[in-house]
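Single chain ahead, by itself, as structure tokens, in the form predicted on its own.
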């Protein structure tokens, strides 16, 4: 079955709304200033995005308070938030946690997430790939959960945690566990360690399906986030080399830089195709979803790092300074390249999915 990878009118309208809002509320100087404060998450921006624009409930059915759209529309949001390096818990709450809850048919937590009244996070290390072994760091004894989970994304602001334990998935109130911030490369999406000292949890899924669905969907939309960031890096770099003069001519007129930027444009165009296809598969429940996600992550993870590195290098000396946004782009790119599985992990998964012998 063929899939239309073009953006629809509703998606373009959503993009326009988000880009205008983020330009006003999440310009890079404001994002940089927030990384130097104790409050990494822009709670005000998230309230507007989640409650006002409704990005938190795009994939949630209308009967549960959502927009009744799909992951295709949510993918547009991921692109724009990636482009802005916005410090909000969209990936952790509106994608990973929401996908898990949708997969298991949970109805108590979802309405609050869809309305932007609460946030949630899936208690797995941010590096966990969709095909990784089921987490075993938390044990279940009776109705109590005991253990530790390290390097969880979007956990510092979560109200509810979805904790994998004993082959199932449990909802745990954030007030019941302990959170310890850790030093994170990406200061716009810091990680933290969780400790569960025998806390009560409510079983929401008795198998592994919900967590697997969350990780696959999360990896698909992470590829879209990487696409948005890569496009921002390319646009920023092209704009700079057009106006930066050296030896009385724009540095962008030199053939060596032209070729590098042209090659990067081609790679980003390919990234758009695979990311859109993965999001479309996730939205429609296509049997090809696992393959599409593996291809998207294997490609987009490398493209976004390349785009960010070119951005830093082609800006010359200023690109290495704290006062320029290039380091924000590079840190987000590097962190997403290992999030939800590295490119190598996804290539290995792809070889198994299509019956290719591994090396």
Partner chain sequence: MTEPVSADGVRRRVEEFLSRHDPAVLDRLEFLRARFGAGLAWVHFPAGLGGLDAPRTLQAEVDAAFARAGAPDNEPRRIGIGLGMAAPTILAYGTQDQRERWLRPLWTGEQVWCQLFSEPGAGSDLAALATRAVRDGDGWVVTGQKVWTSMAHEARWAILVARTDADVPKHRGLTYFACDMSAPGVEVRPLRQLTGEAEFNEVFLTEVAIPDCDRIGEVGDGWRVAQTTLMNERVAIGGGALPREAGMIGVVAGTWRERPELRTPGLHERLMELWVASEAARLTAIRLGAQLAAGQPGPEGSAAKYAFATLNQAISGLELELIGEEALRYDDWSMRRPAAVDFTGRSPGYRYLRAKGNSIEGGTTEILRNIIAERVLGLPGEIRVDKDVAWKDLPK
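Positions refer to the first chain, counted from 1. The structure presented is a predicted model; accordingly, all values stated were derived computationally and were not measured.
There is also a form predicted in complex with its partner chain; it is not shown, and the following applies to it.
Item to complete: Mind telling me which stretch in 322-330, 22-30, 41-49, 65-73 gets its heavy atoms within 4.5 Å of its partner chain in the predicted complex?
Response: It is 322-330 that comes within 4.5 Å of the partner.
Worksheet item: Closest heavy atom of residue 108 to its partner chain in the predicted complex, within 4.5 Å or not?
Response: Answer no; every heavy atom of residue 108 is more than 4.5 Å from its partner chain in the predicted complex.
Worksheet item: Using heavy atoms and a 4.5 Å limit, would one call residue 53 a contact residue for its partner chain in the predicted complex?
Response: No.
Worksheet item: According to a 4.5 angstroms non-hydrogen atom cut-off, is residue 135 in contact with its partner chain in the predicted complex?
Response: No, no contact at 4.5 Å.
Discussion item. Can you tell me whether residue 91 touches its partner chain? I mean in the predicted complex, with a 4.5 angstroms heavy atom cut-off.
Written reply: Judged by the heavy-atom cut-off of 4.5 Å, residue 91 is well away from its partner chain in the predicted complex.
Discussion item. Taking its partner chain in the predicted complex, would 244, 291 and 334 all count as contacting it (heavy atom within 4.5 Å)?
Written reply: Yes.
Worksheet item: Is any part of 314-352 within 4.5 angstroms of its partner chain in the predicted complex by a non-hydrogen atom, and which residues would that be?
Response: 316, 317, 318, 319, 320, 321, 322, 327, 330, 331, 334, 335, 338, 342, 344, 345, 347, 350, 351, in sequence order.
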